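Only one chain is given next, in structure tokens, and it is the form predicted alone.
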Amino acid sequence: MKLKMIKKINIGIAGFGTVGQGFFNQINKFHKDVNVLQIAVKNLTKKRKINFKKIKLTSKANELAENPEIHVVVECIGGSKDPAYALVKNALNNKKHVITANKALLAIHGNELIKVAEANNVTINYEAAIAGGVPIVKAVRENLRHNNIVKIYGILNGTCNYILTKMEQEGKNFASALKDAQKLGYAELDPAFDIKGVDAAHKITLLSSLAFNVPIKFSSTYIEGIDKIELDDFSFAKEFGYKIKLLGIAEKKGSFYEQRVHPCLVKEDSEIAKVENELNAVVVIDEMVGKSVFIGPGAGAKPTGAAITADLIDLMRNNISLPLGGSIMETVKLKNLNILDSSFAYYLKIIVKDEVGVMRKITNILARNKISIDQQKQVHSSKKGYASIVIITHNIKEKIAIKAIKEINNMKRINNKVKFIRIEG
């Protein structure tokens, strides 16, 4: 497929928040050959410190798609609905390249938009949509995907990683750590997309498509957030040699593949365990290179702006790639593996009445379900008369583990529902 090539670069920017301004400032400082013709903003009357004398402002984002002088539309609005969706689709139909930081838009509408791009001989670049300043899209799309990737996983949300780091290192509870993240600008006032795992799920969905050459299918991604993690989970995990991280994971298993986001126990000496605070990390495992690890800042004006700039420079150099590395029409349809059919070792935390015979009943339930115990520990609970039992299991299929957990939850001596965290690797 022959793509449209650029000789002279005129761009329009839609959205002028943290990401849009970070990109604009970098272009102004380092790339005088880029001509910003027009910027779409939400509020035309808002006072800004930037001089816009030579740049036309508009409150109608779609004007960028219709402007015949603009070659590239940089979409920094966010969200999977209009105006971002309408702008990107119209820009592509008007034969303009699009650069976006919008993972939600691509996770939900990516297949459709990529088909529109290919039909019009233009492309969509989205390095800034995944892991901020970490060049993971380019690495996978242009290099590693040819090595038969079997697994790609990582810390894809800096907000969650910051919160988990503060809980582990400073003993802050979840609410307090979240409040700190909001004060520092790592978390929004409504942080649901972050802490519920949705943001990371958008990203692993896109990485899965890139890595395995499958259509983008967000609905196939299992999602679980970090809001149920408690302080004592960190101390128990440490005793067994683990740390707790929220991971996005995509893995190919024969003719099946899986996409999932959930808290994990990871070995404390692993690369991923050492990534702290707002940093992101992505690990790629393929049959040729083996393991490749990418670590860097996952959000913020400068890292995300730098990722958009890198995408723009590629277009200026006529280094133009198909969005998924190959045509959307040539993707393969692997079957999605339901998480219930995957196997894990588990961390189980059970709060029980501190009475003789309770532990025996729990181990009997596990044995009946053919779940073997690797390690276990019992300590007095903070609630008088109760004990905390922590069990590390050997690998077992999730549907069997869930069945056993339901049986334990139905015991009369249980104070709360069993807490379980999957162990990765």
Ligand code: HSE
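Don't overthink the numbering: it's just position in the shown sequence, from 1. Small disclaimer: the values here were computed from a predicted structure and weren't measured.
If you look for the form predicted together with this ligand, you will not find it shown, but the lines that follow are about it.
Proximity to this ligand in the predicted bound form, defined as a heavy atom within 4.5 Å, holds among D82, E230, E287, E188 only for E188. Among G110, G248, G298, P323, the residue placing a heavy atom within 4.5 Å of this ligand in the predicted bound form is G298. The stretch that touches this ligand in the predicted bound form, counting heavy atoms within 4.5 Å, is 152 to 160, out of 152 to 160, 236 to 244, 135 to 143, 269 to 277. The three residues E63, H71 and K96 each lack any heavy atom within 4.5 Å of this ligand in the predicted bound form. Though the partner is left out of this view, H202 does not reach within 4.5 Å of this ligand in the predicted bound form, counting heavy atoms only. The closest heavy atom approach of R260 to this ligand in the predicted bound form falls outside 4.5 Å.
At least one heavy atom of D194 is located within 4.5 Å of this ligand in the predicted bound form.
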